[in-house]
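The chain that follows stands alone, in the form predicted on its own, written as structure tokens.
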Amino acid sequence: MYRTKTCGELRIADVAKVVTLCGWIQKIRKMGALTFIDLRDRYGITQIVLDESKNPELLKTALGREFVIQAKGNVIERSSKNQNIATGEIELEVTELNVLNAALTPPFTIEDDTDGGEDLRMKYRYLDLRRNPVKQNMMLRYGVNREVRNYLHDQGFLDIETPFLIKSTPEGARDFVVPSRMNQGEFYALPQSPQTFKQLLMVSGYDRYYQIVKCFRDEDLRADRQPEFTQIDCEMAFVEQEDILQMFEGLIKHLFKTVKNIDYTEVVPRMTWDDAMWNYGNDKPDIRFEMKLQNLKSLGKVFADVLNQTDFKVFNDAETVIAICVPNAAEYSRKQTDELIEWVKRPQIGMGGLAFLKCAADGTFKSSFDKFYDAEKLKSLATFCNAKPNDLILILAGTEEKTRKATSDLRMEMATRLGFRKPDEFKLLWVYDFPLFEFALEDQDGGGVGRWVARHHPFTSPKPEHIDIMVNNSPKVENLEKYLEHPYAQIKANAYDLILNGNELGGGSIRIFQKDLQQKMFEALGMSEEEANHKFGFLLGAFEYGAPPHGGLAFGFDRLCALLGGSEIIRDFIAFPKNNSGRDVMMDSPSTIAEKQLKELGLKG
């Protein structure tokens, strides 16, 4: 055996024992005849000491950071104890030392607070994984994985694998495609999700399925996206929406308890999509704090009594004017408000400017538009926004969609600046009743304009009370400018998302399980009968052999781990992630392949 103990398990009770440790040298400190070494492995750090006066042979071997060594010796009590580590009351007095492998000087310090930048650490990810913060993230990920499986097993779910080489049926993001050598000119696709397979498993009678599975999407990347990602994929038969919500709300509460030791006993609130968009400007609101959006132009009385009685064209000429009330921020300086103005002008936000109203503690008001508003109008505006003394009202004006999104982003930015988004505070929220369709006014996916597209995916069922609207109306839109008046714009999806701290943890829906309704959905999306049969004939055929009512949900596993770990950056919770360009800088992939391989695949003559 190379070792008899790990570097994290020795305690004061082990004093006088003879043990052998193995690990990596993290630090070396020489103090006269004594050399102290912090020896690290996955389990922790143990200080070992080489005493030149007792055993001068030990120091003849060259040692350095990250050398892999084996040390045998006696466990002794430390004279200077370290309460910051679990092994801090003891040290190992070394009698035998072997270098198992020398090491180059690492390109960055392998410590909690490293001097390595993100790009450098990703290139040497195998070194970065040795650091405690990353190791703790990997352990948390494993803990979440284990507890998900425990919970779903106890609820009667079966873990069933589905294929990775499937048919390309791009309806959402772009597929990653794989050429076939045996069927040249034809291609597999890597799954964006196991959606159709899990529905087929419901037809097959496996009424509770789950899988912690890799999925692939060839889409633009952000900090919370990867081209390959993991999701907790689940499906249940003979269920309604309430059954799904109760089951998976239970899963997340189980994870809070078993992984974070948090008793999440609060009732998880529910919010319609319409309310989320109206009050927060997005469909995944962070409800740890208030600052709801106040639409100053939506209510005629407010507009008539205040806004319309001035010559302030910024407000008067705008399609919408939206405010947020920031608590206890009225003392923001001119420099701070100027910074906010520049922040909203950034291309990512795209607004022309920002107006503000300070509600002083003494009951007076000061705004950036004082020349157009007297004290009474300012007071009326503050009252409408439910402002209290010492609050700051921030106002954006412009087109409806752009201004609503910008105000939502500003709300989140202010919450971050003021410390309202605490990483150790967790608030869950269900959002439901999404629109079933969106209308394409721009050609975003090559499918053309003036058509309905599925907001979620084409297998989502309408709300039961809206099925007749879809069945009894043609999806054709005669006047593109009036698409919101079309019956299809009123149809709500039997779908739901679970939100945690302003991030979508996962989402799902009750599925269509009748062939005729599924064909109507394909028709609404502009698919001909021939195209629908070519892409999804296997599913339509399965529906003719007794498909049960069913529904499901998928959680983004990487994001779930990140949020439970107090972060929103999923790369930190993936062992070997890609960078923002979708590249693995450690392996230098994607890369070109040899001409011989191209010819074998029929991709080159």
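Each residue number is its position in the shown sequence, starting from 1. Since we're looking at a predicted model, the values are computed, not measured.
The same protein also has a form predicted in complex with a small molecule, omitted here; what follows describes it.
Annotation: in the predicted complex, residues 217, 508 and 554 each come within 4.5 Å of the small molecule through at least one heavy atom. Taking a 4.5 Å heavy atom cutoff to the small molecule in the predicted complex, the contact residue among 501, 137, 195, 461 is 195.
For the options 402, 456, 253, 225, the residue carrying a heavy atom within 4.5 angstroms of the small molecule in the predicted complex is 456. With the partner left out here, the small molecule still marks one of 41-49, 57-65, 546-554, 561-569 in the predicted complex; by a 4.5 Å heavy atom cut-off that stretch is 546-554. When the small molecule is considered in the predicted complex, residue 231 lines it closely, a heavy atom lying within 4.5 Å.
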